[in-house]
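Just the one chain here, the form predicted alone, laid out as structure tokens.
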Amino acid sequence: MDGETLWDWGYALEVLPQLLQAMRITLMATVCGMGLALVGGLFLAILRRSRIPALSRAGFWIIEFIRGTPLLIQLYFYFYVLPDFGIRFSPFATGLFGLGLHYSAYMAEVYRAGIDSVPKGQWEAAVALNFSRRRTFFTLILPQAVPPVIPAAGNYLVAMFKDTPLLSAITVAELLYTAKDDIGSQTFRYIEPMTLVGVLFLAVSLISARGIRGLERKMELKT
């Protein structure tokens, strides 16, 4: 086969706008999912550090269970099993929940490392000032623990972005689903849309990675 048969630039330019539209869904799922992961991860980190043994053990096992099972299986469970129990969400909402919960387990460990890096003297100073434990944590410890974990959170953001194609398994019309099911299945041409998907993912990942490295350098200068 010659090059014109393998690759059609006209067809590639024709489907590119549809793929860019799907890219918006992919980016939205990534940003919103990361927002859920940041909040959920902090909650799990606090639960894991609880002075109540039952809560601390519960936090530990929740984190280990989520981290120990594949994201794809979790998505299938939320989308296909939970409806049998009367819990049903749209594909996009299910995908957001799945991404957010999965990465919250990883963010919990990131938060825990940041909290553990705060000198113990900070806790002792708060006790000397008669601060409550809650006030100590949210006004003294957490502001010091969060900045060092921002680069790691950025890395997980990129990882989540690259995991969004898994949402196609639950019919979310993100980038891969659009290329494979909306475009490829209708025209039976896959080389152009799938190649463009790879290029778009690579471009966003490289830009994000560069931004994260810049952020890391800024954090190093501040410390």
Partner chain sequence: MNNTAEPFIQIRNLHKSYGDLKVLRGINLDIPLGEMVSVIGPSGSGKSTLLRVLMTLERPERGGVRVGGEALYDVNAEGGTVLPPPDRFRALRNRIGMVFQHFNLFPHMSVLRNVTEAPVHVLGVPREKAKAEGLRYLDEVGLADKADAYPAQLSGGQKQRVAIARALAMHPEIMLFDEITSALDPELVGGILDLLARLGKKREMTMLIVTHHMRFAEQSSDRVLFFDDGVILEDGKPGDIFTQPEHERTRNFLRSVLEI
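Keep in mind that this is a model prediction, so the values were computed, not measured. Numbering follows the first chain given and starts at 1.
The discussion below concerns the form predicted together with its partner chain, not included here.
Taking the partner from the other structure, its partner chain in the predicted bound form has no heavy atom within 4.5 Å of any heavy atom of residue 84. Its partner chain in the predicted bound form comes within 4.5 Å of a heavy atom belonging to residue 131.
Within 4.5 Å of some heavy atom of its partner chain in the predicted bound form lies at least one heavy atom of residue 140. Its partner chain is not shown here, but in the predicted bound form it comes within 4.5 Å of a heavy atom of residue 124. From the list 73-81, 142-150, 94-102, 109-117, the contact stretch for its partner chain in the predicted bound form under a 4.5 Å heavy atom rule is 142-150.
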